[in-house]
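This document opens with one chain alone, in structure tokens, the form predicted on its own.
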Amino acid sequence: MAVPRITEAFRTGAGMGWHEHNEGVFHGCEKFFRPDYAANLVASWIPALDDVEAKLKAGANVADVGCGHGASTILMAKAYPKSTFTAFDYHEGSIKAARESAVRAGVADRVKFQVAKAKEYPGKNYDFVAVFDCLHNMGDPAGAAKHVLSTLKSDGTWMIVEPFAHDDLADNLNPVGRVYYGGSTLLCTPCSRSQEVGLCLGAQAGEMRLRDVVTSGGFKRFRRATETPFNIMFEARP
């Protein structure tokens, strides 16, 4: 059980890394978020971005950072067969599971999964970089934003999908917000705290705080592109 460890982490401030959790946590998170991705990623989120859908249909170079088990990467790869995808996660077990899923989905020829941290993943001149429900988990999300910017083309786009949250705590006291605050306490905040900087945005960061993080990384343009009851999708550009 992780609860005693997390309880102690809150007392000491040491945190608990994502990789330290039971494997069931990784499967559970994929099962929680994947339905929203399947229903909206191709149908409404990507079309809400400026010029991105056309690039993906024509053939784009894409990075999916913090990919977990690869659900988001595989959905995009199946929808845009002319594009190539490289996905990164620092957790080796998740990358292994993602590679197996890509084979089952028949996209392993166009998708590469590699172990790498968000501030260190390789590659340059990406047309499109995506992060799904993980920026708030990072210890140094502003540092990650700076690295994303360094890997994008000058006309590239960064799509940031985050758990739905208002800026003010009082506005998050609803069924969805309560679920996310619970998850933030047990997973997100301890995860961030275990890393360098340890900013601890949590799953209810809100648009204002996320804007500050992204623009502090060097991005000049940031907007809320669309949303669902469970996620907000932001667009950032150099």
Ligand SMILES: C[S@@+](CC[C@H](N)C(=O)[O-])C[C@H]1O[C@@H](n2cnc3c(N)ncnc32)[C@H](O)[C@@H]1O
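Small disclaimer: the values here were computed from a predicted structure and weren't measured. Just count from 1 along the sequence shown to find any residue number.
Absent from the display: the form predicted in complex with the ligand. The rest refers to it.
At least one heavy atom of Asn137 is located within 4.5 Å of the ligand in the predicted complex. Taking the partner from the other structure, the ligand in the predicted complex has no heavy atom within 4.5 Å of any heavy atom of Tyr126. The ligand in the predicted complex comes within 4.5 Å of a heavy atom belonging to Trp18.
The ligand in the predicted complex is approached by Cys191, whose closest heavy atom lies within 4.5 angstroms of it. Residues placing heavy atoms within 4.5 Å of the ligand in the predicted complex fall in a single listed stretch, namely 60-68, out of 42-50, 60-68, 209-217, 175-183.
This chain lacks the partner; the member of Val111, Ala118, Leu152, Met76 within 4.5 angstroms of the ligand in the predicted complex by a non-hydrogen atom is Ala118. When contacts are defined as a non-hydrogen atom within 4.5 Å, all of Tyr37, His91 and Asp133 contact the ligand in the predicted complex.
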